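Next comes just one chain, in C-alpha coordinates: the form predicted on its own.
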Amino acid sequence: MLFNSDVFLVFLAGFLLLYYAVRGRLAWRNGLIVAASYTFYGWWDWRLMSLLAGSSLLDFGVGRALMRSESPGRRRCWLGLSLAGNLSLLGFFKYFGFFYDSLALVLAQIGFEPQARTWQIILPVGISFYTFQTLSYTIDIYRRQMGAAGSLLDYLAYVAFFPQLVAGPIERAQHLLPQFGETRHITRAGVAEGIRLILGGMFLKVVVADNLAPLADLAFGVADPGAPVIVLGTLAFGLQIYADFAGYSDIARGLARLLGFELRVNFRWPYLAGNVREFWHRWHISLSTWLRDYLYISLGGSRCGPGRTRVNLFLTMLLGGLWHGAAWHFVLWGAWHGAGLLIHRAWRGNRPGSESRLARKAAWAGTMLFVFYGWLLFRAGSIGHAVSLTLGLADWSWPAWGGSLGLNLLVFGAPVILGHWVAGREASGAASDDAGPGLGAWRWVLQGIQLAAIGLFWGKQGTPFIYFQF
(Lines give C-alpha, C1' and ligand atoms only; values in the text may rest on other atoms or scores of the structure.)
Protein backbone atom coordinates (compact mmCIF):
# COMPACT_ATOMS: atom_id res chain seq x y z
CA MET A 1 0.00 0.00 0.00
CA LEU A 2 1.59 3.26 -1.15
CA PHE A 3 1.18 6.56 0.68
CA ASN A 4 0.60 8.17 -2.73
CA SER A 5 -2.46 6.08 -3.59
CA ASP A 6 -6.23 6.37 -3.29
CA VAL A 7 -6.49 3.15 -1.29
CA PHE A 8 -4.16 4.52 1.37
CA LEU A 9 -6.28 7.65 1.78
CA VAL A 10 -9.36 5.48 2.36
CA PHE A 11 -7.38 3.24 4.74
CA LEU A 12 -6.08 6.24 6.69
CA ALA A 13 -9.50 7.90 6.97
CA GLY A 14 -11.09 4.73 8.34
CA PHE A 15 -8.23 4.12 10.75
CA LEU A 16 -8.28 7.69 12.11
CA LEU A 17 -12.03 7.50 12.74
CA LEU A 18 -11.56 4.38 14.85
CA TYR A 19 -8.40 5.65 16.53
CA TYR A 20 -9.95 8.92 17.63
CA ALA A 21 -13.16 7.16 18.71
CA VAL A 22 -11.34 5.11 21.38
CA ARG A 23 -9.79 8.13 23.05
CA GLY A 24 -8.48 7.35 26.52
CA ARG A 25 -8.20 3.59 25.92
CA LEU A 26 -4.49 3.02 25.41
CA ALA A 27 -4.61 -0.75 24.87
CA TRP A 28 -7.39 -0.39 22.29
CA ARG A 29 -5.42 2.25 20.42
CA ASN A 30 -2.28 0.10 20.40
CA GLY A 31 -4.34 -2.87 19.26
CA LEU A 32 -5.73 -0.78 16.41
CA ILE A 33 -2.19 0.25 15.46
CA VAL A 34 -1.08 -3.39 15.31
CA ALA A 35 -4.12 -4.45 13.26
CA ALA A 36 -3.78 -1.50 10.88
CA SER A 37 -0.02 -1.96 10.53
CA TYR A 38 -0.30 -5.64 9.63
CA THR A 39 -3.09 -4.83 7.17
CA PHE A 40 -0.93 -2.09 5.65
CA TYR A 41 2.08 -4.43 5.37
CA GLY A 42 0.12 -7.43 4.17
CA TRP A 43 -1.49 -5.41 1.38
CA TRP A 44 1.53 -6.24 -0.84
CA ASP A 45 1.54 -9.94 0.06
CA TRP A 46 -0.22 -11.41 3.10
CA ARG A 47 2.55 -14.02 3.49
CA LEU A 48 5.01 -11.28 4.43
CA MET A 49 3.16 -10.72 7.70
CA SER A 50 4.58 -13.99 9.04
CA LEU A 51 8.15 -12.65 8.69
CA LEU A 52 7.24 -9.45 10.52
CA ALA A 53 5.49 -11.38 13.29
CA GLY A 54 8.27 -13.95 13.56
CA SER A 55 10.99 -11.33 13.90
CA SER A 56 8.91 -9.44 16.49
CA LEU A 57 8.17 -12.52 18.62
CA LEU A 58 11.79 -13.69 18.47
CA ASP A 59 13.19 -10.43 19.78
CA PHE A 60 10.46 -9.91 22.34
CA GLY A 61 11.34 -13.32 23.78
CA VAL A 62 15.09 -12.63 23.58
CA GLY A 63 14.61 -9.31 25.33
CA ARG A 64 12.77 -10.96 28.24
CA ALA A 65 15.42 -13.69 28.45
CA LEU A 66 18.23 -11.11 28.51
CA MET A 67 16.56 -9.36 31.45
CA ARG A 68 16.39 -12.63 33.40
CA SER A 69 19.96 -13.73 32.62
CA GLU A 70 22.97 -12.52 34.60
CA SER A 71 25.55 -14.94 33.20
CA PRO A 72 27.69 -13.14 30.55
CA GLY A 73 27.95 -16.31 28.51
CA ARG A 74 24.21 -16.93 28.54
CA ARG A 75 23.52 -13.30 27.64
CA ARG A 76 25.86 -13.58 24.66
CA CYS A 77 24.02 -16.70 23.55
CA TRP A 78 20.66 -14.95 23.69
CA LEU A 79 22.02 -11.97 21.75
CA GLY A 80 23.56 -14.38 19.25
CA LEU A 81 20.15 -15.98 18.74
CA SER A 82 18.63 -12.59 17.93
CA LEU A 83 21.45 -11.70 15.55
CA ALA A 84 21.42 -15.10 13.85
CA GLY A 85 17.65 -15.21 13.47
CA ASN A 86 17.22 -11.70 12.09
CA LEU A 87 20.31 -11.60 9.91
CA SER A 88 19.55 -15.06 8.51
CA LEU A 89 16.14 -13.87 7.33
CA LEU A 90 17.62 -10.67 5.93
CA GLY A 91 20.49 -12.55 4.29
CA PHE A 92 18.26 -15.17 2.68
CA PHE A 93 15.59 -12.89 1.27
CA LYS A 94 17.84 -10.00 0.29
CA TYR A 95 21.29 -11.42 -0.43
CA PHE A 96 21.05 -15.15 -1.22
CA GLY A 97 20.51 -14.60 -4.96
CA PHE A 98 23.25 -11.96 -5.08
CA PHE A 99 25.90 -14.18 -3.49
CA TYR A 100 24.74 -17.28 -5.41
CA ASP A 101 25.05 -15.48 -8.75
CA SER A 102 28.39 -13.90 -7.77
CA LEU A 103 29.80 -17.28 -6.73
CA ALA A 104 28.50 -18.90 -9.94
CA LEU A 105 30.27 -16.19 -11.97
CA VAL A 106 33.56 -16.79 -10.14
CA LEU A 107 33.30 -20.58 -10.57
CA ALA A 108 32.57 -20.14 -14.27
CA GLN A 109 35.81 -18.16 -14.65
CA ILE A 110 37.85 -21.12 -13.35
CA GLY A 111 36.15 -23.79 -15.43
CA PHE A 112 33.19 -24.90 -13.34
CA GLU A 113 29.70 -24.50 -14.74
CA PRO A 114 27.22 -24.37 -11.82
CA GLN A 115 23.53 -24.69 -12.57
CA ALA A 116 21.98 -21.35 -13.44
CA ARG A 117 19.46 -20.00 -10.96
CA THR A 118 15.97 -20.27 -12.47
CA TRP A 119 14.02 -19.09 -9.43
CA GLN A 120 13.61 -15.71 -7.81
CA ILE A 121 13.24 -14.81 -4.13
CA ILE A 122 10.72 -12.07 -3.40
CA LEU A 123 12.28 -9.27 -1.37
CA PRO A 124 9.91 -8.44 1.52
CA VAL A 125 9.21 -4.72 1.55
CA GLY A 126 10.96 -2.89 4.38
CA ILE A 127 12.80 -5.94 5.77
CA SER A 128 16.07 -3.98 6.09
CA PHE A 129 14.33 -1.30 8.12
CA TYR A 130 12.39 -3.36 10.62
CA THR A 131 15.28 -5.83 11.04
CA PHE A 132 17.57 -3.01 12.14
CA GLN A 133 14.82 -1.67 14.39
CA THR A 134 14.33 -4.98 16.22
CA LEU A 135 18.08 -5.57 16.48
CA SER A 136 18.59 -2.20 18.16
CA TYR A 137 16.12 -3.34 20.84
CA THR A 138 17.97 -6.55 21.76
CA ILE A 139 21.43 -4.94 21.52
CA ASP A 140 20.38 -2.08 23.81
CA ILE A 141 19.05 -4.57 26.38
CA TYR A 142 22.25 -6.61 26.10
CA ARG A 143 24.26 -3.44 26.72
CA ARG A 144 21.98 -2.69 29.72
CA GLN A 145 20.95 0.62 28.18
CA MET A 146 17.24 -0.17 28.57
CA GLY A 147 14.87 -2.75 30.01
CA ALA A 148 12.74 -5.22 28.11
CA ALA A 149 9.22 -4.33 26.99
CA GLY A 150 6.60 -5.33 29.52
CA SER A 151 3.77 -5.60 27.00
CA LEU A 152 3.83 -7.78 23.89
CA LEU A 153 1.12 -5.57 22.36
CA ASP A 154 3.26 -2.45 22.80
CA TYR A 155 6.27 -4.22 21.29
CA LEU A 156 4.32 -5.50 18.27
CA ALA A 157 3.06 -1.96 17.70
CA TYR A 158 6.61 -0.57 17.97
CA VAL A 159 8.03 -2.94 15.34
CA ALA A 160 5.09 -2.75 12.91
CA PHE A 161 4.18 0.95 13.30
CA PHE A 162 2.86 1.58 9.78
CA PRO A 163 3.89 5.23 9.25
CA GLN A 164 7.59 4.25 9.26
CA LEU A 165 7.44 0.49 8.78
CA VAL A 166 8.71 0.09 5.23
CA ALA A 167 11.17 2.98 4.75
CA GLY A 168 11.95 4.46 8.14
CA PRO A 169 13.09 6.48 9.90
CA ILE A 170 14.78 3.54 11.66
CA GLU A 171 13.57 4.14 15.19
CA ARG A 172 15.29 3.14 18.41
CA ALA A 173 13.36 1.28 21.08
CA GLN A 174 14.61 3.75 23.68
CA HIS A 175 12.85 6.57 21.84
CA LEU A 176 9.71 5.09 20.28
CA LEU A 177 8.76 2.09 22.42
CA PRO A 178 7.98 4.09 25.61
CA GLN A 179 5.54 6.24 23.61
CA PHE A 180 3.23 3.22 23.23
CA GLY A 181 2.94 2.94 27.00
CA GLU A 182 2.13 6.60 27.59
CA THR A 183 -1.18 8.42 27.33
CA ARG A 184 -1.08 10.24 24.01
CA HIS A 185 -2.57 13.70 23.93
CA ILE A 186 -3.55 14.70 20.41
CA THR A 187 -3.52 18.49 20.25
CA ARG A 188 -4.62 20.95 17.61
CA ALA A 189 -1.00 22.10 17.22
CA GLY A 190 0.16 18.51 16.78
CA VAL A 191 -2.48 17.80 14.14
CA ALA A 192 -1.59 21.03 12.31
CA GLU A 193 2.08 20.09 12.36
CA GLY A 194 1.22 16.60 11.11
CA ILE A 195 -0.82 17.95 8.21
CA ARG A 196 1.98 20.36 7.30
CA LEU A 197 4.51 17.53 7.25
CA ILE A 198 2.23 15.26 5.21
CA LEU A 199 1.50 17.96 2.66
CA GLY A 200 5.18 18.85 2.34
CA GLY A 201 6.18 15.21 2.02
CA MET A 202 3.47 14.43 -0.55
CA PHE A 203 4.53 17.47 -2.55
CA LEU A 204 8.15 16.29 -2.59
CA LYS A 205 7.09 12.80 -3.67
CA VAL A 206 4.18 13.35 -6.06
CA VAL A 207 5.21 16.64 -7.66
CA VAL A 208 9.02 16.69 -7.45
CA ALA A 209 10.36 13.12 -7.25
CA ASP A 210 7.84 11.48 -9.58
CA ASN A 211 8.45 14.10 -12.27
CA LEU A 212 12.24 13.92 -11.94
CA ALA A 213 12.17 10.12 -12.19
CA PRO A 214 11.51 10.00 -15.98
CA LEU A 215 14.34 12.48 -16.54
CA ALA A 216 16.80 10.29 -14.64
CA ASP A 217 15.47 7.16 -16.37
CA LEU A 218 15.89 8.79 -19.77
CA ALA A 219 19.46 9.95 -19.13
CA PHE A 220 20.62 6.65 -17.61
CA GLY A 221 18.83 4.61 -20.27
CA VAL A 222 20.41 6.28 -23.32
CA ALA A 223 23.07 4.30 -25.15
CA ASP A 224 26.46 6.07 -25.10
CA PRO A 225 25.29 9.38 -23.56
CA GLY A 226 27.62 12.37 -23.59
CA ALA A 227 28.69 14.40 -20.57
CA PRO A 228 25.78 16.91 -20.68
CA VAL A 229 23.19 14.12 -20.54
CA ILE A 230 25.11 12.25 -17.83
CA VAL A 231 25.49 15.39 -15.72
CA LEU A 232 21.83 16.41 -16.09
CA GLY A 233 20.67 12.85 -15.43
CA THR A 234 22.82 12.57 -12.31
CA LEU A 235 21.53 15.91 -11.05
CA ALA A 236 17.97 14.74 -11.72
CA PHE A 237 18.53 11.52 -9.80
CA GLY A 238 20.27 13.25 -6.89
CA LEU A 239 17.32 15.63 -6.50
CA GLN A 240 14.83 12.80 -7.11
CA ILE A 241 16.20 10.47 -4.44
CA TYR A 242 16.28 13.30 -1.90
CA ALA A 243 12.70 14.39 -2.66
CA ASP A 244 11.49 10.78 -2.70
CA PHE A 245 13.11 9.67 0.55
CA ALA A 246 12.84 12.93 2.50
CA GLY A 247 9.23 13.12 1.30
CA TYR A 248 8.52 9.66 2.70
CA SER A 249 10.19 10.54 6.00
CA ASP A 250 8.13 13.74 6.32
CA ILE A 251 4.90 11.87 5.57
CA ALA A 252 5.83 9.26 8.18
CA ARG A 253 6.54 11.94 10.78
CA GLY A 254 3.31 13.72 9.90
CA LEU A 255 1.20 10.56 10.21
CA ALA A 256 2.85 9.82 13.55
CA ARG A 257 2.00 13.32 14.78
CA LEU A 258 -1.67 12.75 13.89
CA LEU A 259 -1.56 9.73 16.22
CA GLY A 260 0.27 11.55 19.02
CA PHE A 261 3.76 10.14 18.34
CA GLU A 262 7.08 11.82 17.64
CA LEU A 263 9.49 10.24 15.13
CA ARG A 264 13.11 11.18 14.56
CA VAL A 265 14.13 13.72 11.93
CA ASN A 266 15.80 11.80 9.09
CA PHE A 267 17.07 14.62 6.84
CA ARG A 268 18.55 18.04 7.57
CA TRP A 269 19.15 19.66 4.17
CA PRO A 270 22.01 17.33 3.11
CA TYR A 271 22.98 19.33 0.04
CA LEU A 272 24.20 22.13 2.29
CA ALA A 273 26.99 19.89 3.62
CA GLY A 274 30.51 21.28 3.43
CA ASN A 275 32.23 17.89 3.72
CA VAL A 276 31.43 14.19 3.43
CA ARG A 277 31.20 13.68 7.18
CA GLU A 278 28.67 16.49 7.47
CA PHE A 279 26.70 15.03 4.58
CA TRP A 280 26.17 11.82 6.60
CA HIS A 281 25.11 13.93 9.59
CA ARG A 282 22.35 15.31 7.35
CA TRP A 283 21.42 12.38 5.06
CA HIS A 284 19.41 9.34 6.24
CA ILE A 285 20.35 10.22 9.81
CA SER A 286 18.60 7.23 11.34
CA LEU A 287 20.73 4.81 9.26
CA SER A 288 24.04 6.62 9.66
CA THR A 289 23.64 6.81 13.45
CA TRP A 290 22.54 3.14 13.56
CA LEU A 291 25.65 2.09 11.65
CA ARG A 292 27.78 4.20 13.98
CA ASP A 293 26.25 2.91 17.23
CA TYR A 294 25.76 -0.77 16.37
CA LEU A 295 28.36 -1.56 13.72
CA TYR A 296 31.25 0.92 13.89
CA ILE A 297 31.40 0.90 17.70
CA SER A 298 30.94 -2.87 17.84
CA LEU A 299 33.93 -3.26 15.49
CA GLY A 300 36.01 -1.24 17.92
CA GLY A 301 35.31 2.29 16.75
CA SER A 302 38.28 4.56 17.35
CA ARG A 303 39.47 2.69 20.46
CA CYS A 304 42.10 0.50 18.78
CA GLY A 305 44.49 2.97 17.18
CA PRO A 306 44.44 5.01 13.93
CA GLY A 307 44.94 2.08 11.56
CA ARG A 308 42.14 -0.02 13.01
CA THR A 309 39.90 3.07 13.16
CA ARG A 310 40.32 3.59 9.42
CA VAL A 311 39.54 -0.07 8.74
CA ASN A 312 36.43 0.09 10.95
CA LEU A 313 35.20 3.26 9.26
CA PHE A 314 35.72 1.94 5.74
CA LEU A 315 34.14 -1.43 6.55
CA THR A 316 31.13 0.29 8.09
CA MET A 317 30.51 2.31 4.94
CA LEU A 318 31.13 -0.74 2.74
CA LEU A 319 28.44 -2.68 4.62
CA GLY A 320 26.23 0.43 4.58
CA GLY A 321 26.44 0.38 0.81
CA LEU A 322 25.54 -3.32 0.73
CA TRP A 323 22.58 -2.59 3.03
CA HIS A 324 21.12 -0.48 0.23
CA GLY A 325 20.94 -3.35 -2.20
CA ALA A 326 22.27 -6.73 -3.25
CA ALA A 327 24.48 -5.52 -6.10
CA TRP A 328 28.15 -4.69 -6.54
CA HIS A 329 27.51 -1.09 -7.58
CA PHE A 330 25.98 -0.47 -4.14
CA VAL A 331 29.14 -1.90 -2.57
CA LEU A 332 31.16 0.42 -4.82
CA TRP A 333 29.01 3.36 -3.69
CA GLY A 334 29.66 2.45 -0.05
CA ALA A 335 33.40 2.14 -0.76
CA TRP A 336 33.33 5.55 -2.48
CA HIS A 337 31.85 7.20 0.61
CA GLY A 338 34.13 5.20 2.90
CA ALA A 339 37.16 6.50 0.99
CA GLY A 340 35.74 10.02 1.12
CA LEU A 341 35.34 9.85 4.90
CA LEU A 342 38.90 8.58 5.30
CA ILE A 343 40.28 11.38 3.10
CA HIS A 344 38.26 13.94 5.03
CA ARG A 345 39.48 12.51 8.34
CA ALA A 346 43.11 12.82 7.22
CA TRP A 347 42.57 16.29 5.76
CA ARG A 348 40.76 17.55 8.86
CA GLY A 349 43.71 16.53 11.04
CA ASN A 350 46.14 18.69 9.01
CA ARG A 351 44.09 21.77 8.18
CA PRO A 352 44.28 25.11 10.04
CA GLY A 353 41.70 25.91 12.67
CA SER A 354 39.76 28.53 10.70
CA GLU A 355 38.66 28.79 7.09
CA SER A 356 37.87 31.72 4.85
CA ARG A 357 34.47 32.14 3.23
CA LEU A 358 35.99 31.24 -0.14
CA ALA A 359 37.48 28.04 1.33
CA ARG A 360 34.08 27.04 2.75
CA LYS A 361 32.41 27.60 -0.62
CA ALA A 362 35.12 25.57 -2.34
CA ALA A 363 34.67 22.79 0.23
CA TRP A 364 30.91 22.78 -0.40
CA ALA A 365 31.41 22.63 -4.19
CA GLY A 366 33.91 19.79 -3.84
CA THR A 367 31.55 17.91 -1.52
CA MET A 368 28.67 18.21 -3.96
CA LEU A 369 30.83 16.94 -6.83
CA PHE A 370 31.80 13.99 -4.65
CA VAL A 371 28.23 13.25 -3.52
CA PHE A 372 26.66 13.55 -6.97
CA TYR A 373 29.30 11.36 -8.60
CA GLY A 374 28.37 8.90 -5.89
CA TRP A 375 24.76 9.12 -7.08
CA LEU A 376 25.99 8.19 -10.56
CA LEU A 377 27.51 5.01 -9.08
CA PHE A 378 24.33 4.36 -7.08
CA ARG A 379 21.98 4.75 -10.05
CA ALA A 380 24.13 3.10 -12.72
CA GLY A 381 22.75 -0.39 -12.06
CA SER A 382 26.07 -2.17 -12.55
CA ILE A 383 29.78 -1.50 -12.25
CA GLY A 384 30.15 -1.86 -16.01
CA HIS A 385 27.55 0.84 -16.64
CA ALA A 386 29.18 3.08 -14.02
CA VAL A 387 32.52 2.76 -15.83
CA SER A 388 30.84 3.48 -19.18
CA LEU A 389 29.15 6.59 -17.79
CA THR A 390 32.39 7.79 -16.23
CA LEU A 391 34.19 7.45 -19.57
CA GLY A 392 31.28 9.25 -21.24
CA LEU A 393 32.06 12.38 -19.21
CA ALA A 394 34.84 13.07 -21.71
CA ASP A 395 32.32 13.50 -24.55
CA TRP A 396 30.73 16.96 -24.47
CA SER A 397 28.42 16.57 -27.46
CA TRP A 398 25.04 18.17 -26.82
CA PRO A 399 21.96 16.26 -28.05
CA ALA A 400 19.01 18.05 -29.67
CA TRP A 401 16.72 17.15 -26.77
CA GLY A 402 19.23 18.22 -24.09
CA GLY A 403 17.56 21.63 -23.70
CA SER A 404 14.20 20.05 -22.90
CA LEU A 405 15.85 17.77 -20.34
CA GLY A 406 17.58 20.73 -18.69
CA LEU A 407 14.40 22.84 -18.63
CA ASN A 408 12.33 20.08 -17.01
CA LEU A 409 15.11 19.48 -14.48
CA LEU A 410 15.11 23.16 -13.58
CA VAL A 411 11.32 23.33 -13.19
CA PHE A 412 10.84 20.23 -11.07
CA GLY A 413 14.13 20.48 -9.20
CA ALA A 414 13.51 24.11 -8.22
CA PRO A 415 11.57 23.30 -4.98
CA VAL A 416 14.49 21.22 -3.63
CA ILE A 417 17.05 23.85 -4.62
CA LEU A 418 14.93 26.68 -3.21
CA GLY A 419 14.32 24.79 0.02
CA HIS A 420 18.05 24.26 0.54
CA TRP A 421 18.77 27.90 -0.30
CA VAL A 422 16.23 29.17 2.25
CA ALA A 423 17.51 26.72 4.89
CA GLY A 424 21.06 27.89 4.23
CA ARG A 425 20.09 31.55 4.67
CA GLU A 426 18.28 30.76 7.91
CA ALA A 427 21.28 28.82 9.21
CA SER A 428 23.60 31.72 8.41
CA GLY A 429 21.31 34.22 10.12
CA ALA A 430 20.35 35.95 6.86
CA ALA A 431 16.72 35.01 7.40
CA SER A 432 14.55 34.20 10.38
CA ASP A 433 11.49 32.14 11.15
CA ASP A 434 10.10 35.20 12.91
CA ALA A 435 9.08 37.10 9.79
CA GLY A 436 6.24 39.10 11.28
CA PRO A 437 2.46 38.71 11.50
CA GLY A 438 2.08 37.82 7.83
CA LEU A 439 4.09 34.62 8.13
CA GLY A 440 1.09 32.49 9.09
CA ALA A 441 -0.83 33.68 6.03
CA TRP A 442 2.13 32.86 3.77
CA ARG A 443 2.26 29.38 5.21
CA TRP A 444 -1.41 28.88 4.38
CA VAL A 445 -0.69 30.10 0.83
CA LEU A 446 2.25 27.70 0.53
CA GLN A 447 0.18 24.77 1.77
CA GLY A 448 -2.60 25.71 -0.65
CA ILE A 449 -0.13 25.69 -3.55
CA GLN A 450 1.24 22.34 -2.40
CA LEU A 451 -2.25 20.85 -2.18
CA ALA A 452 -3.19 22.14 -5.63
CA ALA A 453 0.02 20.76 -7.15
CA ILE A 454 -0.49 17.38 -5.46
CA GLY A 455 -4.02 17.24 -6.85
CA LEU A 456 -2.75 18.10 -10.33
CA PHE A 457 -0.15 15.31 -10.40
CA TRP A 458 -1.92 12.76 -8.16
CA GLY A 459 -2.09 9.37 -9.81
CA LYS A 460 -0.11 10.47 -12.86
CA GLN A 461 2.87 8.27 -12.06
CA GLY A 462 1.96 6.10 -9.06
CA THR A 463 5.68 5.47 -8.61
CA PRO A 464 6.72 3.45 -5.53
CA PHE A 465 9.17 5.07 -3.15
CA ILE A 466 12.79 4.34 -4.11
CA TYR A 467 13.75 2.99 -0.70
CA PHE A 468 10.98 0.34 -0.78
CA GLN A 469 13.44 -1.83 -2.75
CA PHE A 470 16.02 -1.68 0.05
Partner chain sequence: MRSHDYQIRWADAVRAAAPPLAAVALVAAILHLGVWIGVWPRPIPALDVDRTVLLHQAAASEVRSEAELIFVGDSSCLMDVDPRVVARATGRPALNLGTLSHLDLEGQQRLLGRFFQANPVRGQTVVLLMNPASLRLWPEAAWPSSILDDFYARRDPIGHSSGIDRWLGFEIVRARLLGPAWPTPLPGAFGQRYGFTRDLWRAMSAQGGHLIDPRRLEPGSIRGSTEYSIAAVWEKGGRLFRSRLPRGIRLAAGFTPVPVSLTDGDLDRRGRDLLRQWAEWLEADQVLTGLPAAWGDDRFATPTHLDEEGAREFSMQLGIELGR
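Residue numbers count along the first chain shown, from 1. Values in this document were obtained by computation on a predicted structure and should not be read as measured data.
The discussion below concerns the form predicted in complex with its partner chain, not included here.
Checking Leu89, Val222, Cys77, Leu152 against its partner chain in the predicted complex, a heavy atom within 4.5 Å turns up for just one residue: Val222. Listed residues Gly97, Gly181, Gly300, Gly274 were compared with its partner chain in the predicted complex; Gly181 is the one with a heavy atom within 4.5 Å. Annotated contact segment (heavy atom within 4.5 Å of its partner chain in the predicted complex): 188-196, selected among 372-380, 188-196, 79-87, 329-337. Site residues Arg25, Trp401 and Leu405 are all in contact with its partner chain in the predicted complex, judged by any heavy atom within 4.5 Å.
Its partner chain is not drawn, but in the predicted complex it has no heavy atom within 4.5 Å of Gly392. By the criterion of a heavy atom within 4.5 Å, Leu215 is counted among the residues contacting its partner chain in the predicted complex. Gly455 belongs to the set of residues with a heavy atom inside 4.5 Å of its partner chain in the predicted complex. Among residues of the shown chain, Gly448 is one whose heavy atoms approach its partner chain to within 4.5 Å in the predicted complex.
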